[in-house]
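Next comes just one chain, in structure tokens: the form predicted on its own.
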């Protein structure tokens, strides 16, 4: 099944509530692997990249993609819009499209499973689930990993563990991350202290699209830093503890905001809602900042509106998804006009 044949709606997990909702939006497990006897992508020539791609995709086809929900594509076959939609739906990284030759992706659009080939490593296995489901996401990624290892041999050292292009991934090769919505910590200024504490605890704090991306809509991605000398279970359970603590801090900050000025908080929420209701055009960053405030108002019972998934709305008003709706020849002003209209449509305003 190709992207062009799938329904226009975004991945199911984006609109699903999970444990820890509404503060914990999603959880992700990602495994980095490389093939034994093949140059790593950072130093590989075209022949090695093609060889690695063939080996990985054969393993995926035989052992993983056993149903119609999987789509396997060479990167050079994908249009810029398809690549953009993958990024906006968090299925591939923003750097995936930087170099097309020798790269490929196998993904299950609806449930957040993907295998990318020849990005930073030969293999990147990723599973995303709604809410705080870290153990479940890791187990599903591990299942895919085990199936592939029946067909290919990974580069592995008995003392160090799995060998990767980036030294920070050596060991288990496991990154566990969470996407959190933290508007109260931002508004109260406590986010700086939280980020500092997370850094001291060995946790990365990044923006909406991971490494190198900025924070928008008060959404933060946090992940483990150390993979060497830790078991997978330890990493998963540690991240679960960290995420629960950050969520507790956000709850405390929200209570403090209500105590200090419920009127001021409600005023800010309604002003944001007013812009959403009346704006004739809107930029992407502005849209996410506004819906973050509206979402906060709903969760704190300040405005009588139906709840919505901030991740799903954020994807739907993304640049590439709107261009798919309008057509590839749409101008910037057309996209910004449609974003304002579509945002009201999604929020039933």
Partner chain sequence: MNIFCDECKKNIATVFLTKISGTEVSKVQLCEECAKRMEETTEAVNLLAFLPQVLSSLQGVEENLVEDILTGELLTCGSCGTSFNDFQKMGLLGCADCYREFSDALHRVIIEFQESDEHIGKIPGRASEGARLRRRLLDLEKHLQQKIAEEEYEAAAAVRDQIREIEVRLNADVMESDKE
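As the structure is a computational prediction, the values presented were derived from the model and not from experiment. Numbering follows the first chain given and starts at 1.
Below, we refer to the form predicted together with the partner chain, which is not included among the displayed structures.
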May I ask you to state whether residue 272 is within 4.5 Å of the partner chain in the model of the complex, using heavy atom distances? no
**Asked** Does residue 229 reach the partner chain in the model of the complex, with heavy atoms at most 4.5 Å apart?
**Response** yes
field: 4.5 Å heavy atom contact, residue 155 and the partner chain in the model of the complex
entry: yes
**Prompt:** Is residue 196 close to the partner chain in the model of the complex, meaning a heavy atom pair under 4.5 Å apart or at it?
**Reply:** yes
#### Entry: Heavy atom distance at most 4.5 Å to the partner chain in the model of the complex, all of 72, 267 and 306
no
Note: the partner chain not shown here; in the model of the complex, the stretch from 252-260, 197-205, 238-246, 108-116 having heavy atoms within 4.5 Å of it is 197-205
Exactly one of 286, 312, 324, 299 comes within 4.5 Å of the partner chain in the model of the complex through a heavy atom, and that residue is 286
Exactly one of 135, 163, 91, 279 comes within 4.5 Å of the partner chain in the model of the complex through a heavy atom, and that residue is 163
Within 142-173, the residues having any heavy atom within 4.5 Å of the partner chain in the model of the complex are 142, 145, 146, 149, 150, 153, 155, 156, 158, 159, 160, 161, 162, 163, 164, 165, 166, 167, 168, 169, 170, 171, 172
